[in-house]
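Quick heads-up: it's one chain on its own, the form predicted on its own, in structure tokens.
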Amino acid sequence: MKLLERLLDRTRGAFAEGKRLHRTKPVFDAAENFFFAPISRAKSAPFVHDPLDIKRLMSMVIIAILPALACAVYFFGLHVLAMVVVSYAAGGIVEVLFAVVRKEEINEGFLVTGMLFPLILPPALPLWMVAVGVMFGVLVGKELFGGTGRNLFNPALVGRVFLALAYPAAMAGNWISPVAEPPGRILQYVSSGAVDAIAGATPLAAAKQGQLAGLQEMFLGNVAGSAGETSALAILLGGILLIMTRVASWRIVVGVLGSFLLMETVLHYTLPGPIPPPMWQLLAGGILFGAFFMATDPVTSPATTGGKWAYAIIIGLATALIRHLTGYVEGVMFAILLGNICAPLLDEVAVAVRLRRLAHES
């Protein structure tokens, strides 16, 4: 690392203003910021309990995602790793281009988006679709709003919704049948061309036909589904880490899962035949992954306490309703995007209510 540090010090002058490489200075700053400490620090942190900079926040999220990524590679093969590499490469191109044009630093926010995006896709999806989806998500979901910290929607979900609408057959037909016996598929590269490894349906899709997957299989991840969303155990391990380090809001997680279970309970006892029990619904699909890793995005979720609770309840209720009252078998991505739309309004209402109470008290 000392050698790399000396190399960066020697080449820093070539990126100074007026020099030939000045326009690519964001790339140099991003490399220095990634390998070493941030170039500048905030004089006063906008955080109440902890001066948590973006680099540390994103690092904690990446660490928390690793159990889900490891399970995805174990159950579905090395194609998942290839999807991660393509996601970083394609999305990184868009990120770098906008940073150069705007003459801004490259933000670490894409480190999380680039990892999350392939984990919410079918594990055998062609790599070119991964590239198209992440580029669309970063461009439309983030850069058009002004970049990291200004986006209204979660860019990973924007990219997934785009793929679901543009390529519905591919998004519904590239599920891989997992292998639980050691070493799983960890030494296999299973893509869309491997017909013998393609599974027929996810647990939610099979449930529509009256076939319920076992709770143990769904808890461990031995079922078909999006790459990082099948193992409840891996998601819980990473999600609890985010809550313990205060990177994720426990209010949002509890609100999403609590309202989801409440609505699923009502629907199950209203229609016990076609709708499986609430705990089965909790382990099926992407509700756990969405609650811990997607809904808690600090940029696209509310900042006020009241806003967080209302936002979480909207997502939980909408996910259950979309699953059972529409033509989609899964509704968490649409529900979170709906919550993203409501987040600014919820904060505004929460602040107005608080100010009104303070006015009455005074």
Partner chain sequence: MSETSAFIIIVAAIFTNNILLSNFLGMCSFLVCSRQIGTALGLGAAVIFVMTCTTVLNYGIYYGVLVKDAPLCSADLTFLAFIIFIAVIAAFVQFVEMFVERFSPKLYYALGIFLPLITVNCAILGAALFMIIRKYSFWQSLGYGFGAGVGWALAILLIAGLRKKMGYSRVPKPFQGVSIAMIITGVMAMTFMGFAGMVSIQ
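Residue numbers count along the first chain shown, from 1. All values reported here derive from a predicted model rather than from experimental measurement.
Below, we refer to the form predicted together with its partner chain, which is not included among the displayed structures.
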| Can you pick the one in Trp175, Tyr88, Tyr74, Phe98 that has a heavy atom within 4.5 Å of its partner chain in the predicted bound form? | Phe98
| task | Choose from 137 to 145, 263 to 271, 219 to 227, 276 to 284 the stretch whose residues reach within 4.5 Å of its partner chain in the predicted bound form, heavy atoms counted. | result | 137 to 145
| request: Evaluate Val158 for contact with its partner chain in the predicted bound form, applying a 4.5 angstroms cut-off between non-hydrogen atoms, and reply yes or no. | output: yes
| task | Answer yes if any heavy atom of Leu152 is within 4.5 Å of a heavy atom of its partner chain in the predicted bound form; otherwise answer no. | result | yes
| query | Does Leu321 reach its partner chain in the predicted bound form, with heavy atoms at most 4.5 Å apart? | reply | yes
| query | Given that the partner is absent here, does Leu165 sit within 4.5 Å of its partner chain in the predicted bound form, heavy atoms only? | reply | yes
| request: May I ask you to list the residues of 321 to 344 that have any heavy atom within 4.5 angstroms of its partner chain in the predicted bound form, in sequence order? | output: Leu321, Ile322, Leu325, Thr326, Gly327, Tyr328, Phe334, Leu337, Leu338, Asn340, Ile341, Cys342, Pro344
